[in-house]
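What follows is a pair of forms of the same protein chain, given separately as structure tokens and numbered structure 1 and structure 2.
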Structure 1
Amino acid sequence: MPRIDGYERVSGTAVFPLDVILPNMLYGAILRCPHAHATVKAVDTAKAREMPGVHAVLTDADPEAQIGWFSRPGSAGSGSPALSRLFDPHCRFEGEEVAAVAADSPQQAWDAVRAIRVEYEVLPFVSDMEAALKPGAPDVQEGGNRMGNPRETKRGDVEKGFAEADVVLEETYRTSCDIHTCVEAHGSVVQWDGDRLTVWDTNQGPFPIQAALAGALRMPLSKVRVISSYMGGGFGSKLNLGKYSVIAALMARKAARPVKLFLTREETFLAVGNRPAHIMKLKAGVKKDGTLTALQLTGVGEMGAYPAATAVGYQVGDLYKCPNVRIEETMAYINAGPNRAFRAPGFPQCSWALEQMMDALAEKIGMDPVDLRLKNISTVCQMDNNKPYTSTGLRECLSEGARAFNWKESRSRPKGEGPWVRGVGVAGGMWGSQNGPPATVIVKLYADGSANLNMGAADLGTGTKTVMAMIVAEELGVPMDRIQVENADTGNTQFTSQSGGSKTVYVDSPAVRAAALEVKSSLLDMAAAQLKVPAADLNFKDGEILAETGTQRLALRDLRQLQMQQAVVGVAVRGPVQSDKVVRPFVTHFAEVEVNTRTGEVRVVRMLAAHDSGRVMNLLTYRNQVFGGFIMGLGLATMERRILDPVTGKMANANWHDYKIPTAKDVPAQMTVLPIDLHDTECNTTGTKGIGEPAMIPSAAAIANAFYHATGVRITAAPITPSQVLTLLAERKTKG
């Protein structure tokens, strides 16, 4: 079913925060530190304040800016310790905020920003996580560049497991730092009405943003309204409150006029998040029959200049059955922008290492890569006290995916003589975080049979509004074109947490269904009183209430109590998730690649995704999510990476010209989605488990394994670039 807001999106009539224009509105711009590490010694704004059109200038010296900055690492919540000031004189990365201006036009605002004179003391920097952990490295944070003690997870005895193995392999894998590059840049439009603040903000959940903004400004929640009915991509980077929103609010209050502050494309590359780079040393043991005996991961994650979550080891501990596991992860500060959640944070990096290792083990013991994975399926969550899963579809994803991909035949086909050679690869995965309730939904059925759905969930472009409207339509028999959806507005809709972690359908759809069922129950009670029959003998179908005998039929227009009160309202709160079982989506991706051994070019020509994500609510949007995951995984595998100049510490490719992302010409010609629905009735009342994150997790690893199958060369560092390909092929030729 097409999206209910599809016309608005493609016609330009949908109003995104970037589109909002208010009467008498000013435009904001932020002056950012041009150095990787520096201290602000003095800021001279005199010239900027006198320039035409300038109505507000904000620096650390202004009383309005003297607020604590609240941000819990990895979330948008408030109430955590203040991590930095709004304008911190100690600038720890290129792009950190120094001052801001609001003026009549964007051009005047930027002219004023350029007129501000800043005296910096440039400090030594470190832009590499390995160098940051060495003795004598410049300190990014007081106390050194290691965030606390290494995180350790273990079970069994890995040394015993390695001793029992017939084959033990060890390899170091690396992934690069990738940028979200959302189509709609980060930003806000803010307006004060007395002591009430309204914010149109591009974010993934207005309620946590409301809480964080109210905390930063020391305001009650009731006086802060955040609206985000449309937003142009987030991928995790818009889960957090941005400093730009606080700055815009302060300047709007200072100027007594609305302020629009959206970042430039270049700013978004520097200051609003990334997928951090990782180094993962993985050691694995296996018996000749394919039984895993031990897995040990030692990882280092690149946080940037401030605390953030970078853990990658979950799949090592849970995806495959293994009695002996040890995971140790270290978080390193460097002088660069802090990371934020990025579509399955940590999991694509882990897949890059674990799934290549699984293939290497399979080759060493002479087993098919699919068969090795099938040998080690777990039906319990090993990372959660061996609780059983509500359903485990990894086996079906592997076996049915292999059949649909023609895996055996594809692997046995000739690889080619050159310069083009071909190969196929497989990678498994899982998503290990299912955020839970609460979520409140209101469904209202009007006397004419039309309906209103009121929910707080943001629609990131994933089709959330369409899926939720379909649930109401199914339960109440209301045509889709007669359902109005209100969403993502803290002033008019109901609370839910942000849309992230593949939780929106999993958490919110049961609340939608329950609210619709409450409406249905009320209608049946009304009809039972009017027809003088038990409500249990009645059924609601296609907008009419029918008696079991079929002799009595009551249209909504003839339901007297409904016509009298004009509407029936159902309110539902998402109940608690299962505590004795664990809900997890599973996935397997297959890839076919072609490699030019003369130029180093890599083409991904075919991909297939088998997903156990529960019930498919809408096949069109489901497939779109998987295609998007394919393409992001393709970017991680073959082209995307942040480049920091080792001489200056500055980002060398902070634009869409030099930072490469996949375009239409890079997308595989053949992409297939194979849903695996095990009819899970325990995960929730709609049978859904989430698709957004799993769609990306194993894509890059499947491409890397296909590359190895084609060339016989293992690439352990992402992205796979032509220069790297040619270097490794030349080394193999020299050794051979």
Structure 2
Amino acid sequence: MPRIDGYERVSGTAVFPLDVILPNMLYGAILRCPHAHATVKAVDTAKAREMPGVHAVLTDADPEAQIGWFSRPGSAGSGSPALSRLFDPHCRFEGEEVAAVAADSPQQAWDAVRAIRVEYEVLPFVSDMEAALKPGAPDVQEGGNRMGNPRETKRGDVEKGFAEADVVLEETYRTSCDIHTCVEAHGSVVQWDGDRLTVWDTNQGPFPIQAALAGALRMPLSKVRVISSYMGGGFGSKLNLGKYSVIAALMARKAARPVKLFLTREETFLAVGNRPAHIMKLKAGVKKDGTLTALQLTGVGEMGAYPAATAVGYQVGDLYKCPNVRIEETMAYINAGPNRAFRAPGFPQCSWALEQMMDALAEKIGMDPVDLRLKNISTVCQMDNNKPYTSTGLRECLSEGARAFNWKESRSRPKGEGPWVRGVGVAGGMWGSQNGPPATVIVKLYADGSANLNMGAADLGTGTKTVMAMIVAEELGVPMDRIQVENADTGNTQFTSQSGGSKTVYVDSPAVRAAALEVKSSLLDMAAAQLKVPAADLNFKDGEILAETGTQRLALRDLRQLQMQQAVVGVAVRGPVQSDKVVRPFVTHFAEVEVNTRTGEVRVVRMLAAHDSGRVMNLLTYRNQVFGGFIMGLGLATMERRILDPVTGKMANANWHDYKIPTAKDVPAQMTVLPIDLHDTECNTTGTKGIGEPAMIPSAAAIANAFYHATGVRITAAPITPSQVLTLLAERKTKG
């Protein structure tokens, strides 16, 4: 089923926040600190204020800008202690907000920003987590560069486990800091209407944005309306309120005109999040028969300048059966933009380490990597008191995936004579589906049999609207092209949590089904009254109400009460589910890569992704999700990396020219999605578990394993760039 808004999306008629144009609208621009670390001594806006077209200038000197900004991005308001102010005179990273301007045109706004004179005191900086944790490093935050105490998770006795092992390996893996680089930059269009604020904002769900904005501006929730019906990519970077939204709202109030404030591409590289770099020291013990005896992870994460914890240990503790586990994680501040959630926060990093380790262990004990994983499957959640999973499709992902990928044969095929050599790799993964906060959904059936679905959930482009409409179609027999969806508008749609954590379908679709059932039940009540038979004896099918005896039938157009009120409305709240089971999607990715031993080029030529995400709602958008996720992992594995200049601490590749992401030319020629279509009847009424994040978790690791298979060289530090490849191949030659 193609996306129901496919036409709007491809024809350009869909109105994204960036497309919103309001009469009389001003354009905002933000002056950001150009230094990795500095304090603002003075801000002189006199010249900027007099420039043509300028209607508002905002700095830390404005009383209304005295808004505290708290530990999580997007948490603003009046509590304490604040970590920063809206325009904080202590700039802890390149790109922190210093001042802002609203003017008649973007050009005038930027000219005025450039005319603001700022006196900075440049401070020593630190832009590397290992350096940051050394004594004597410049403090990013008061109290040092260690974000709280290390987190520790323990199970069993790892020392005993390592002693029991036949093989113990230890390796340090590294991932780089990657940027979300959403196609649509971050930003808002804001409009005041009396005491009411309307915000067209690009985010992953408007309700938390509404709450955070109401908090920041000290307004009632009812007076803040956030609309996010279309958005152009988030990947976790649009879960939170941005300072830009607050700045736009304050300037709009000051100027008494609407303000559009969208960040430039460069600003999004610096200031709205990233996947933090990680160093993961992993030690693993295994018996000759493939039984894991112990896993020990010591991780350090590079959080950026403000707290935003991304932990990487979960899969070490839960994916494979292992009695002895120890995980210790440290988070370090550096002078760079803080991280935010990024598609399966921590999980692709963890896979990079754990799945390469599994590969190495398998080699050491002479076991097939698929078989080693099959040997260690758990059906209970070891991280949560051994509660059973609602369903465990990892075995099917591995075995059916291997069969479909032609794993055995591919593994033994000659690797080639060079310069191009080839190899195949496998990696597994899991995701922690969240129970999720409640969701309220309204379904309306019109008197002509068409329907309207009103839900709060944002559609990140993943096809949420389509999947939800399919449920309405399924329950009420309404053709898809007669269903209209309203979504992601705090004014007119109902609360749900953000689209993130791969939980949108999982949390919201049961509410959609329940609301549709409410509609059905109201229809039957109406028909019962009209036909004078008990509602229990009636069914609704194909737009008609049928008595069970089969003798009476009533078309919607003859249902008097419905015709009179033009529509019937069903509302349902899906509350948080109490369960003694744990919901987990599972995944296995297979990759085939070609490596040019002369140039260091790596290309992924074939992939297969086997997913257990519960019921497949819509194969087309399911496949899209998996392709997108795999390719994002390909970026992590082979090209993406934020580069901080060691001399200045400034980002050297804050643009799409220098920061490389996969393009159509990097996509594998052959891509296969193999859904393990297990309807998870225990987790909810639609049998779904979530696909968005699982889709990217193991792909980088599968590519790394395939690279090793092709070359015999283990690349522990992502990304696998040509220069790194050539260096490592040369090292092996030297050593060999």
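Note that the structure is a prediction, hence the values are computed from the model and not measured. By convention here, residues take numbers in order along the sequence of structure 1, the first being 1. Definition used throughout: the rigid core is the maximal C-alpha set that superposes within 1.5 Å between two forms.
Novice: Specify the structure that is the form predicted together with a further copy of the same chain; exactly one of the two qualifies.
Specialist: The form predicted together with a further copy of the same chain is shown as structure 2.
Novice: Quick one: once the rigid core is lined up, does residue 218 have its C-alpha move by 2 Å or more between the two structures?
Specialist: Comparing the forms between the two structures, which are aligned on their rigid core, residue 218 does not shift its C-alpha by 2 Å or more.
Novice: Return yes or no for residue 534: a CA shift of at least 2 Å between the two structures, with the rigid core superposed?
Specialist: Residue 534 C-alpha, core-superposed: shift of 2 Å or more.
Novice: With a threshold of 2 Å on the C-alpha, tell me if residue 525 counts as moved between the two structures once the core is superposed.
Specialist: Shift at residue 525: 2 Å or more after core fit.
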